[in-house]
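One chain comes next, on its own, written out as structure tokens in the form predicted alone.
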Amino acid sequence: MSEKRIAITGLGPLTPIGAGKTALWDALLKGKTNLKLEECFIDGELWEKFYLHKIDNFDIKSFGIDKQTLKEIKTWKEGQEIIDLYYLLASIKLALDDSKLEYDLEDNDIACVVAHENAGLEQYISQCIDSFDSLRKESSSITKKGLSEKYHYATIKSAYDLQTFMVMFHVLRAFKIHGYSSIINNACASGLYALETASQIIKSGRSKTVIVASSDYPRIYKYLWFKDLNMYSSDGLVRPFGKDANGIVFGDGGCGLVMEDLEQAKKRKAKIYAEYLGGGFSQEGWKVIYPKIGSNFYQKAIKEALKFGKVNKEEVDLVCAHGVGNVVIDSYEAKAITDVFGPNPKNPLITAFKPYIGHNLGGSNLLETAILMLCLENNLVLPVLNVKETHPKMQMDVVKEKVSKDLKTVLKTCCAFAGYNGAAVFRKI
């Protein structure tokens, strides 16, 4: 790989408290959330209700995306609204607008990396359930072959679009992207893996510009799984590293980032939020749900990020932790952080953003990276909401009030389901 340097020049956050960097930052400064009680009904009967950080009144048509493109997507989807795909499109448009990037729509080598766990899954399951009514009417006479055929034709298009390459296809088509493209799924760490992939694309010389995007639209089916695992917060409050933490809360949203060769960014006088210095990654290969307590895999990822970023740990001013609000996972993360930076570190400061916007699952780390870039730009550390006292066994405190600080080097960390650990280092230019 060459010594090319990577700049972040566009932010496109889409969150329950604001779309775009300005609206989001204003809401963050005020400590806003948009926590709602989601109620799910089937045939008029209440099935479940749970807390969720929810985007209200989302309208994809308001983001200035080509109308014909949206019409063609809706036609292909046979009228079905795939919200997490729309979140992706909106986030990318916000990032492109912010970056003021211009390119030839017909002939370009713009690259794209999308991070997503499983776009359209919630809508697909709903469609399967909705097909039950028509099948039920013929239940006494229908054969297994007939049932299979009816189910197949009722769901074939949405099932086909569950293949991840189709998500990428819709994105590339919408924005006329013709360069190297890839889709990433490393659970909640997907955003960090996507950033590193984009960095390598630029360093390899394949493209000077990469659009990175992620999103998620978690609803009832994902909630039921987390509820069964006893991992969902009953009162809707995420308390990262808190003494009284009681679980995860989902959040709608997505994020687009524009990453460029630094020299190109300077040449076109782009606004540069930070330089991406490097990422570190590890895989535990142990359990799906919980991390391997007592291992050093997470520490390895953080140290690797510092190594590849050519950063001494003493230079890190702020850590944005994954901070999901589950005591077991938070304890594992706290130990990794304190093993690297020492117990009860005064520097770096430590914060987490999920209490503001919820857990966006596969989109969470890219979205939280965008917020971290805003902290870096404004030299302000956002506090962790809902936490009055951190867990005494974690040997680590978190920021509980806004802190003005000359931020230069920041670190984003994540320990995801299935043992995917990641970390990324950024520096102000």
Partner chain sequence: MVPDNLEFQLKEIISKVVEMEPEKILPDADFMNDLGIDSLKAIEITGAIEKAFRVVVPEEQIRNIRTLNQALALTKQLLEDKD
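The structure displayed is predicted, hence computed values, not measured ones. Numbering follows the first chain given and starts at 1.
Missing here is the form predicted in complex with its partner chain; even so, the following discussion is about that form.
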Next item on the list: Check whether residue 294 has any heavy atom within 4.5 Å of a heavy atom of its partner chain in the predicted bound form, and answer yes or no.
Entry: yes
Check: Does residue 228 reach its partner chain in the predicted bound form, with heavy atoms at most 4.5 Å apart?
Finding: yes
Next item on the list: Could you confirm whether residue 328 comes within 4.5 Å of its partner chain in the predicted bound form, counting heavy atoms only?
Entry: yes
Margin query: Whether residue 165 contacts its partner chain in the predicted bound form should be assessed with a 4.5 Å heavy atom distance threshold; does it?
Written below: no
Margin query: To verify the annotation, which of these, 147, 288, 129, 105, has a non-hydrogen atom within 4.5 Å of its partner chain in the predicted bound form?
Written below: 288
Next item on the list: Counting non-hydrogen atoms within 4.5 angstroms of its partner chain in the predicted bound form, say which of 49, 30, 61, 393 makes the cut.
Entry: 393
Check: If contact means any heavy atom within 4.5 Å, which of 320 to 328, 245 to 253, 68 to 76, 208 to 216 contacts its partner chain in the predicted bound form?
Finding: 320 to 328
